[in-house]
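Only one chain comes next, encoded as structure tokens, the form predicted on its own.
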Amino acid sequence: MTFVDIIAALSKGAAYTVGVTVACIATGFTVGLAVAVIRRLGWRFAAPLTNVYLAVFRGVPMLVLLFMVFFGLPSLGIQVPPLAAMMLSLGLISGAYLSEVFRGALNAVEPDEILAAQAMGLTRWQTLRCIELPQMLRASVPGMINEFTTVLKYSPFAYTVGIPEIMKQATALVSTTMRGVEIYLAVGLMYFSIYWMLVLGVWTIERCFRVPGLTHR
């Protein structure tokens, strides 16, 4: 078996790795944005809930949470599919960290702009949607790339719940060929390639929405 053959064998799991990563990123982005918006709007009844969410999902290890969801909930009669288990663990953990990224970017919006919007008669929600969120998303790109990379690095845990991603394919291949160095080198190269595709995708989106001549502090 040549190195090219190893890459070809591992590529069977690449689609699963990309799928798990994208699903968890989408979950984290949606939840993180929702939490950041709720905290920005200052709803008092929601503050304790968001604080509990942040404390729990930033404090519990990802693998522990994944096992609680996938192996623990069935004891209560709740069966969770593997992908849903990853989204409920890695996705929600990512959302907790992304909410802090978004909160910092929202705080960077100039107060004078918010005051001007209010003076023009915009409601609080209109100000948030039209003035604050567009600037927040542009300023959050570096933090989002960092968190998306973390999600990719945690995606190999998917093999523990039966998803045949790259690491599961590599483990099976090592057990039959005993060529661990070459196989895990190929795994590293594949993850590196996926990482750069992810970064280039985010940069492309960021360039599409960039305001010409605008630089962020």
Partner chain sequence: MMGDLAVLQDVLVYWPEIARGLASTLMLSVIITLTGLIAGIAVFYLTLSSSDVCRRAVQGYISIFIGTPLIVFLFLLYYGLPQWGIKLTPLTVAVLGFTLNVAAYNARYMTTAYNGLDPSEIEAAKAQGFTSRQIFHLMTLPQVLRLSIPALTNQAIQNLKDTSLVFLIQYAEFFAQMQEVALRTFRFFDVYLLTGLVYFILVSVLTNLARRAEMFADLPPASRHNR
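Positions refer to the first chain, counted from 1. Small disclaimer: the values here were computed from a predicted structure and weren't measured.
Just so it is clear, the following notes concern the form predicted together with the partner chain, a form of the same protein that is not shown.
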Next item on the list: Check each of V64, A46, A172, A34 and return the one that places a heavy atom within 4.5 angstroms of the partner chain in the predicted bound form.
Entry: V64
Margin query: I'd like to know if Y159 sits close to the partner chain in the predicted bound form, meaning any non-hydrogen atom pair within 4.5 angstroms.
Written below: yes
Check: Should G188 be classed as touching the partner chain in the predicted bound form when contacts are defined as heavy atoms within 4.5 Å?
Finding: yes
Margin query: Under a 4.5 Å heavy atom criterion, is L73 part of the interface with the partner chain in the predicted bound form?
Written below: yes
Notebook entry, point to check: With a 4.5 Å heavy atom cut-off, would you call Y154 a contact of the partner chain in the predicted bound form?
Noted result: yes
Notebook entry, point to check: Does any residue in 130-148 get within 4.5 Å of the partner chain in the predicted bound form, counting heavy atoms only, and if so which ones?
Noted result: N146, E147
